[in-house]
Ligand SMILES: Nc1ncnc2c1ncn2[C@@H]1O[C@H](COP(=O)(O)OP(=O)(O)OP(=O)(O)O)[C@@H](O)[C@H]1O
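Quick setup: one chain, the form predicted on its own, written in structure tokens, and binding and motion questions come after.
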Amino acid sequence: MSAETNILLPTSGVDLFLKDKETMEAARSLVDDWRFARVTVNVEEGDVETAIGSYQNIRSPSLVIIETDTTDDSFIERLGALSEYCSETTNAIIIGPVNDVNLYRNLTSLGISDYLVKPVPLETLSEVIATTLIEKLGAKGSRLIGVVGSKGGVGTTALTQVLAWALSEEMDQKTILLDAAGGWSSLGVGIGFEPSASLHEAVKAAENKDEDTLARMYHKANDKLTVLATGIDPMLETSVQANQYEALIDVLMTSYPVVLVDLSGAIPSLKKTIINRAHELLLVTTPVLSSLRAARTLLQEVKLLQGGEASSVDLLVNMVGMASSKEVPKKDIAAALEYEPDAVIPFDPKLFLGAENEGKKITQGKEGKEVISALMPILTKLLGEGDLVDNTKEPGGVIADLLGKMTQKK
């Protein structure tokens, strides 16, 4: 399982038309994978002819996987017949009998997403499906990073801003920063801009795929860092719902390799959704008992959500030294949480309050650089192996274009 696919997958449908018993068993086991909680998986014994018969009466899903015993021209022609009944947003994966590079190239040139050789083990099947569904969003290669505090007052927003500056300046990575707090957002002060939109306006633009309107809500902090300048929402009214915010995230991930979200002021359902979708979650706590207890509870809940693991969580212990005699030592924190802190940030009120109250850039000066240095191992982990790239490919399906591509090849 790669870091890119170790997330809750988007709501979608996958139909598999199979004959191989081992592959069918693997497909039916997908329901036990927490990543597939929102994916409707339908496994049917059959082949391309079965699929053609099915989609004469019902709409094809996001992804169709078809097993075949033959890979000659007659099968390619039947795929063309299938494309006439498939939605233009449907992708296809073929499972065949032989490992043939030329066949793979031929199928992918026609628009088939992938070609696998039967039998297909569960790990391979789940990874290929997950990758295909993420590619359909246009978000392949992007990283969604959530930052959440164990409780209020632990410095979540300040550290999120440090991460945003560091990702864009130190790591030279195109990044967009957004806040899920609605009218409670304080990013405008910390980054230095006047909020120009509400979260409701932002999610509406995303739902309408109105990227021009969305772009007018952006504040350019530097050449690499963009901030979604929300914050004019009424403070005492209900914020946007989790599914609306997720739709906004989907749109942003098609254009930004790194999407960084401050979850400190989000409603619980929104926090849960982004935590499950995030490739990496930064959990901010302080070394005092109440904060650490909350951090332990949250870690346990994340493990329950994600199949018993919390491998995507980084623990940041902030404000160390604020009240030394009352703080829990680092070694005891690790023992109590059963989780080793990934970074320890010393208490520096002059640095952080200067950023919060005066809009000073938090990474300026020696003290700010020291905070970045403490976070650098996490930053390297966040980006994964290799450079992330801008996503410019339009998401969508391929199988409905198959017939046209076959005609062009004749």
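Here the structure is a predicted model, which means the values were calculated and not measured. Numbering starts at 1 and runs along the sequence shown.
Same protein, other form: the form predicted in complex with the ligand, not shown, and the subject of what follows.
Each of A158, S264 and F352 near the ligand in the predicted complex, meaning some heavy atom within 4.5 Å? Judged in the predicted complex, A158, S264 and F352 all sit within 4.5 Å of the ligand.
Considering the ligand in the predicted complex, find the one stretch among 169-177, 150-158, 98-106, 275-283 with heavy atoms no farther than 4.5 Å from it. Heavy atoms within 4.5 Å of the ligand in the predicted complex occur in 150-158.
Check P346 for me: does it contact the ligand in the predicted complex (non-hydrogen atoms, 4.5 angstroms)? P346: yes, in contact with the ligand in the predicted complex.
Is M319 close enough to touch the ligand in the predicted complex, meaning at least one heavy atom pair within 4.5 Å? Although the ligand is absent here, M319 would touch it in the predicted complex, with heavy atoms inside 4.5 Å.
Check S186 for me: does it contact the ligand in the predicted complex (non-hydrogen atoms, 4.5 angstroms)? Yes, contact at 4.5 Å.
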